[in-house]
Every structure is written in C-alpha cells, then in structure tokens.
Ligand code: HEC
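Presented below, as structure tokens, is a lone chain in the form predicted on its own.
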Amino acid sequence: MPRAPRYAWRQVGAVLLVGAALACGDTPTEPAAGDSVRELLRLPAEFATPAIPEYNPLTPQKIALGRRLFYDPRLSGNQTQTCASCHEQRLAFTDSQATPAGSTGHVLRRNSQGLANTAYFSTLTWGNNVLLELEDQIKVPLLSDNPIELGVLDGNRAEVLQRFDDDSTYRAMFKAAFPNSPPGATINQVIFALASFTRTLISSDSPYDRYYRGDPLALTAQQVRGLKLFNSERLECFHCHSGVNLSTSYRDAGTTAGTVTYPFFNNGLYNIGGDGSYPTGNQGLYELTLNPADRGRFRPQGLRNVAVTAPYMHDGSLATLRDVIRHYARGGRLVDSGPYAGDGSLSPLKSGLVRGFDITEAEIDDVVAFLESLTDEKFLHDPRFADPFAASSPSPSTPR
C-alpha cells in the first residue's frame, strides 16, 4: 500500500460560529450527529466529520429542500438564474467562465469557485477572512446588491418568498425541514437549506483517492511521477495544497478551537507599478482589510476536480493547467503591456513559497496528468446532486 503522509488530513483547527439567525424565529430541527451526519454525507472512513454549526443541524429534509432551491430560478429576483447557473455539476459546480454574470447582467470580478467539499474549508470565497460558515457565505450571492447576483433585494424579498408559499410542494417541504417554525418561508430557512445541501457535495472517489486507499493501479505511472513532483520541495505545491481539499484552508469537527488557520497568499499573478498591486477593486484580502500588505492575497483553492474547472485564478486569467504550472515555474506572471503591466516574479508582496523552479515539458505533462487524477467522475454525475426538476414536468426554466 502506498504511503500517505501528504494525503493525511492536515487538521488545522476549527472555530464554530453560532450565528444570529435563530433570533429571526427559525427554530432548529433535532440535530443529526456522529454516525448520522457521516451517513447523510456518505463520508469515507478517512474523511473527518465536518464542522456543522449547532444552529443548523443537518437533516434529510433540509438537504432535499436545499437541492430543490439550488436549481430553481424562482429564487432569483427576476426568475432568470439559479445557483446552478454559476455552479454546474458536470464542471464540479463551476461554470467555465473567467468571471460570471449575475441575474441582471452585472459582471462579477471573480471566478466561480467549485463547491466540492466546501464543508471543510476554514474560510469561504476568494478573498474574505470573515465568512467562516456556509450560512454566511450564501447570503452574498443571494442578497448582495453590488454586484447583483441572484438579486433578492429589500424591494422584492417578500415577492420571492411568496413564490414558495404559493407552491404546495414547497409548503410541504419547508414544513418538513422546519417543523417548529411558523408557516411561511423565510430567508433564513432558504439559507439554512442551501447550506445543508451544499455540505453534501462531497468528492471522495477520484483515482487519487483510490490510490491512497490502497489500489496501486488507480494511478498511472505518469500520474505517480506527477504526484511526486507535486509533493517535492522543488515545486512546493503541497505547501498550499494539501489534505482532504488539497488546500491548507481546512477545518473539521474534531479540530481544536483557536488553532484554525486562515491562509491567504499573493502568488505574483500581478505586480502593477512594481509595488505588488493587483487590478483596482480586485486585490483580494486588501479589499476587506485595507492593509497594504494584503494586496493580492487570495485563499489557496482546493484542487479536487481541477481539470474540469478551467479557467484558473481568482479572475480566470489563466486558461489551462499548463499555464498555471508555467506561472509558478516562473515565480510570477509577466504582463508586458497594458494597464496591468508588471513582472509578478519581482513583486515585493509575493509569498516566499512562490520562488520559481526549473521544470521540463515532460515533467509538466506528468504534473498535469496527476492533476487530472483528482477528477471524481462519480461526483460529476451523482444523481443526489443533480437537478431535481430535470426528470419532472413542468419544470422551471433557467438559462445555462
């Protein structure tokens, strides 16, 4: 059996935040704990139980409701878009766009992230160190007005919720998911249900996973060479991409409170003006903290299913995995003209882990082959995560 030190789940701690949502009158259902949670999520033995907030215990009823809402265009203000519009299952819940557009046509600044194993991240989104729970993150695409995504705003919120109150199937599902709450859908219930469904999006059956469970034939010889390069001190990929999510942003239910880490790095993608700046309005953690040292710092993304989630980086500016490897091999990107001109390898804010390295074309082939081994075909086609309206009639229409 192959050794597993790089795959061994690096448990960097967890902090459970109890939100203020319960103050709005949505009483939690009875919690599912221990083996019940593991069964609901269908976790393999080597995956820890994720941290689930006490105010939103996982239940089958909330999962079912959240899945239906995820694919329903009635959840957008103008009924033209769904969560799945930017998070398609076949693309590991990404959308193949550099940056997506919201329901009213507003173009977002950042690439749609995949949703595989989001239950294990210590922070959520590209450049925010305060969104620690899915319940908090989901409010952003649902309720934000700058930019507008789904566009549930103060002026149409009652109308959006009434759509579900007018639907007998939804009335029954909301009642089953929140039996202790008064009749009528609420925004908190929508958020709790979507968070519950999103936590079930567990990817754990790639060739990479099977290799580390003891199947020496799950990876090709080329993929094994790529894995060794990935974990080598020469390439240093594993310093930011390790553990269950292949990201150092990680926590689970068993980690020790106070030890969770919130990693964000500047990887030299830009160096506008030679001072480490990224394009205005899209400078990562700096947009939140206003600390100049945080310019260009973004969360290391999980690499599960990465071969199907192109384009890459926070702004979708690198088209292929080869482009990504060459970027890191150079130690930063050179933008030689235009408003973003600058040599990222010379950025004074770049992480010390992005030092550059020598690599041959054959070795790039090996690393790409390894990254392709992270694709979980079962996850991409699991009917538990699929559009529940696809097999029913009538079904809400939504653009893809």
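Every value quoted in this text rests on a predicted model; they were computed, and no experiment measured them. In this text, residue numbers run from 1 along the sequence as written.
Not on display, but discussed next: the form predicted in complex with ligand HEC.
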Handout entry: Complete contact of Ile63, Val160 and Ser203 with ligand HEC in the predicted bound form (any heavy atom, 4.5 Å)
Key = no
Handout entry: Close approach of Leu349 to ligand HEC in the predicted bound form, 4.5 Å, heavy atom
Key = no
Practice task
Consider Phe357 of the chain shown here, and say whether it contacts ligand HEC in the predicted bound form, taking contact as heavy atoms within 4.5 Å.
Solution key: yes
Practice task
Find out whether any non-hydrogen atom of Asp165 is located within 4.5 angstroms of ligand HEC in the predicted bound form, and reply yes or no.
Solution key: no
Handout entry: Residue contact check: Tyr328 to ligand HEC in the predicted bound form, 4.5 Å heavy atom
Key = yes
Handout entry: Contacting member of Phe230, Tyr212, Tyr286, Tyr120, with respect to ligand HEC in the predicted bound form [4.5 Å, heavy atom]
Key = Phe230
Handout entry: The single option of Ala177, Val260, Leu134, Ile272 touching ligand HEC in the predicted bound form, heavy atom within 4.5 Å
Key = Leu134
Practice task
Report the stretch among 179-187, 144-152, 214-222, 251-259 that approaches ligand HEC in the predicted bound form to within 4.5 Å, counting heavy atoms only.
Solution key: 144-152
Practice task
For the stretch 225-245, return the residues whose heavy atoms include at least one within 4.5 Å of ligand HEC in the predicted bound form, in the order they occur.
Solution key: Phe230, Leu235, Glu236, Cys237, Cys240, His241
